[in-house]
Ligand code: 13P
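Presented as C-alpha cells, the chain that follows is alone, the form predicted on its own.
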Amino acid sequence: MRKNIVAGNWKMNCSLEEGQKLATEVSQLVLDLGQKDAEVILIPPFIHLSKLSEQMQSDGNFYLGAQNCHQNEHGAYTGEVSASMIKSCGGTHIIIGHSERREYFQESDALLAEKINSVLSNDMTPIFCCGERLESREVNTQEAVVGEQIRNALFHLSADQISKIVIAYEPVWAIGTGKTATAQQAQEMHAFIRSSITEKYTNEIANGISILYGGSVKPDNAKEIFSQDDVDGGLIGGASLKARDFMDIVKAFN
C-alpha cells in the first residue's frame, strides 16, 4: 500500500534559528494532532539538517530531507554536497530534479538519473520531480513532456529500485504563481504517470509508488487535491514556511 506524504520544501529560506523555531512548531502540532495518516517530511536548506536531526530525534512521525545533492560521493566539487553527507546529518530523502534546479542550473535528465543512482546507493529516498511548462500545457503536450522526463531519469532502474522512488508532479506554471492545477488536472497527470510506470514495470509496482502534487497547494485546496485517486500527498513550497498552514495541509488526510 502506498504512503500518503506531505513534504515541506523550504527552498532558500530561514536562518538556522528561524528553521529551528519552525521545525519545533510543526513537530508540536503534529504531536498534538496525533497524525498517523501521512508521513511528514521537512526539507530545509543544508545548514539546518544536523541541528534539526538532533532536535527531532524523538519525533517518530518526521523525516528530514535535502533539496538537492551532487551525483558523486566526494571529490573536488567546491560548493557541492553529496548524498552520503546528507545521510550523515540525518537526512533520509532528497529532492531530485525540482523545476528550479532544471531552470536555473540547467540540470538535464541524464544528470538527474546519476543523482537518482547516488541517492539510492546510499539507501535514501529520492523525491523525483517532473512537470511541464505553461507553453506545453497550452498546446496539450504535457504528457509527452512528463513522459520523456520519467523515461530519461527513471526507466534505467530495476523494479526493486524504482519501487523506492517517490515522484512529485509539479506543473511549472503553478509554482509560486498562485495558479493551481485543478484537482482533475492533477488526477489526470498522476494517472498518466502511474500508467507509464505500469507499462514499463508492472501494475503492482506502479500502485506502490507515492505520487505527490507540487504546485501552490494551500490549506483551502489540499483536501480536494489529495482526495483524487492517484494523488498521494503534496510537495509544499510557500505554505510550508508557516507551521499552521503546513499542518492544515497535513490535516487534509484526516
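Bear in mind the structure is a predicted one, so any value in this text is a computation, not a measurement. Sequential numbering from 1, following the sequence displayed.
Keep in mind that the form predicted in complex with the named molecule is not shown, yet the notes after this line are about it.
- Screening 208-216, 186-194, 222-230, 45-53 for residues having heavy atoms within 4.5 Å of the named molecule in the predicted bound form returns a single hit, 208-216.
- Site annotation in the predicted bound form: the residue of 154, 146, 86, 174 reaching within 4.5 Å of the named molecule with a heavy atom is 174.
- Shown alone here, residue 11 lies within 4.5 Å of the named molecule in the predicted bound form, counting heavy atoms only.
- Residue 132 falls outside the set of residues with a heavy atom inside 4.5 Å of the named molecule in the predicted bound form.
- The named molecule in the predicted bound form comes within 4.5 Å of a heavy atom belonging to residue 237.
- Residues 98, 100 are the members of 87-113 with a non-hydrogen atom no more than 4.5 angstroms from the named molecule in the predicted bound form.
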